[in-house]
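Here you get one chain, nothing else, as structure tokens; it is the form predicted alone.
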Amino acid sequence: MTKSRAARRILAATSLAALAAGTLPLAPALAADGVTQDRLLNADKEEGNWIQHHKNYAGHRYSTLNEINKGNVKNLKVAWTMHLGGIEGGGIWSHGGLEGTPIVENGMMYVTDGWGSVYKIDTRGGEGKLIWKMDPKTDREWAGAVACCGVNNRGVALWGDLVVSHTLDGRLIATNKENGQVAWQRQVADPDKGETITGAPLIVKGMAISGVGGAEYGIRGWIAATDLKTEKEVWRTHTIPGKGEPGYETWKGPNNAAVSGGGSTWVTGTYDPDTDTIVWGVGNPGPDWDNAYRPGDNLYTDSTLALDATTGKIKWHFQHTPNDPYDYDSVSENLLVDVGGRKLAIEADRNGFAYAVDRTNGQFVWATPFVKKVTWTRGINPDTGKPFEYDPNKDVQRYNPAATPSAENKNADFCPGNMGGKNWPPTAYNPNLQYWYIPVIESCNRVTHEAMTQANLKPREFFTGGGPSQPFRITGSVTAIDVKTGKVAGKHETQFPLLGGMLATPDLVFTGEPSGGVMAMDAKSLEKLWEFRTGGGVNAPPMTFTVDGKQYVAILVGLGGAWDKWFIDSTPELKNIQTGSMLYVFAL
């Protein structure tokens, strides 16, 4: 990327935001304290607000609000809607979608569309009024050409008087909360290398923590921290070790595979303030389906990483699928829970198993399958936390050879499929029931293997070692794990995979479906108690807030992401879902 190109794009975004702020009518703003570290630490005490991406640093997505409960949720109605933008196509994508979690502070809501435009909406008075829109003028063709999995943006964060967001073309933008003008922005990721950003920032001690996408393009993944006061980078930790660093020895063979090792970090992590530790998931190694190209365990791909928040130094790691040949990212959020006197980090992995590790040291505690069908392994060793077939003396793992893409097995069928038993959509946790709710993709698929050489590695081109096809029907479920026992406590099956995410309240669980339904279930039994058909595809998680003393549930509706490009043949009915960009808000 040239400096002039980046400078032109940043100038255009700043000018457009200023123009929008000067021309849009501004509703009276509710005076609000700036968001501080103390407020973020105590986010759960602000019951009516939702000021963290995952509701709190622990990632629970649990609200104590209970005006809407299992006794009256059947009376939930649409309170208001708002049409948003961002459905334009770009690069390899025909349209954008909505995957964001709305942020609400004192009645003011902040949402994003897939191209990274930020909308401030006044939710007071029982209706939504647009206050301003900040359009960052994302370079759609440049970024869209290397977005493997859709035109996506998962939301904003708040700090002081700033709204902090990312763009697909790799920028971190700080926007004035009151008037929508861009205060400053900086380039964090480089699409010239195949890097993009889709996740929401995590704010820790005045730093914005950013992850990166692009493992399918041969990038070297990282997590980076930007000081929101100085606008400078504080640290950048690569998820693929460099020469001389711990873990570099897990990249073997003649291909210098570590330089293109993948390990993207595109889902927002969590933070443990007691130990000043950021816990973040790391994606697949590259090439995805040719693990013979990259002999060794391939650290820190398919891992949970714990980082010192001040320095970015790696404290510990836990790897789920060494030398992964299936594209089983471990990018999912790690929820931080305290159960039975233990401090745990729990993660629903794409490989179909839910894991618990001790978050003070990364030691394995338990794992359990949360999907109905697993064929790539016969299970997880309860002593080591590794697949039973894992052989530390072998550099190339075959696990179940009949289900593993390889030079000897060109067309492999395995379950769950490469979209995972769970993809990015977030889980939720009810701390009273100690139930953990997973949005599940009940799946199998077929991958055709292609042997890679260094000649295949080219900037901004797929470097995957094959590709998937979808000869099998894919469904979904909401699966509840009892974290006290590490066992499945219930499963509510759905016709389609769950692509949006979860919200938990004291006695309810909410989610949405790609066919357009938004539903509420009993938190204990998972019985469906309410459903509303939006007419569009749901690809985002619900959240809840209060304004004027009344509780609302909000969700973005607009199917995008990877599904309708790469996996639609497994759910042919979803081909009829039209593109859209709508905010729905419900109340009693």
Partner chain sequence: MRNMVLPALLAGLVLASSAAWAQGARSAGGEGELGVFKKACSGCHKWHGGGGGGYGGEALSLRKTQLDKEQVAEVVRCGRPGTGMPYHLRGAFDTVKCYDSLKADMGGNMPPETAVFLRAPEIDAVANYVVTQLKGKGEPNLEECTAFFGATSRACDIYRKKEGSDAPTASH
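Residue numbers count along the first chain shown, from 1. Every value quoted in this text rests on a predicted model; they were computed, and no experiment measured them.
There is also a form predicted together with its partner chain; it is not shown, and the following applies to it.
*Picking from 97-105, 138-146, 124-132, 355-363, which part of the chain touches its partner chain in the model of the complex when contact means heavy atoms within 4.5 Å?*
Selected stretch: 138-146.
_4.5 Å heavy atom contact, Gly467 to its partner chain in the model of the complex_ = Looking in the model of the complex, residue contacts with its partner chain include Gly467, since a heavy atom lies within 4.5 Å.
*Within a 4.5 Å heavy atom cut-off, is Thr277 in contact with its partner chain in the model of the complex?*
Thr277: no, not in contact with its partner chain in the model of the complex.
*Flag Arg220 as yes or no: does it have a non-hydrogen atom within 4.5 angstroms of any non-hydrogen atom of its partner chain in the model of the complex?*
Because no heavy atom of Arg220 falls inside 4.5 Å of its partner chain in the model of the complex, the answer is no.
*Does its partner chain come within 4.5 Å of any heavy atom of His449 in the model of the complex?*
It does: once its partner chain is placed as it appears in the model of the complex, His449 has a heavy atom within 4.5 Å of it.
_So, a 4.5 angstroms cut-off on heavy atom distances: do all three of Asp169, Asp327 and Lys575 pass it with respect to its partner chain in the model of the complex?_
Contact check passed for all of Asp169, Asp327 and Lys575.
*Of the options Phe370, Tyr293, Phe496, Trp289, which one has a non-hydrogen atom that comes within 4.5 Å of its partner chain in the model of the complex?*
Looking at the other structure, the residue within range turns out to be Trp289.
*Work out which of Tyr248, Trp235, Phe462, Trp316 lies within 4.5 Å of its partner chain in the model of the complex, going by heavy atoms.*
Contact residue from the list: Phe462.
_With the partner left out here, which residues of 400-417 have a non-hydrogen atom within 4.5 Å of its partner chain in the model of the complex?_
Sequence-ordered list has one entry, Lys410.
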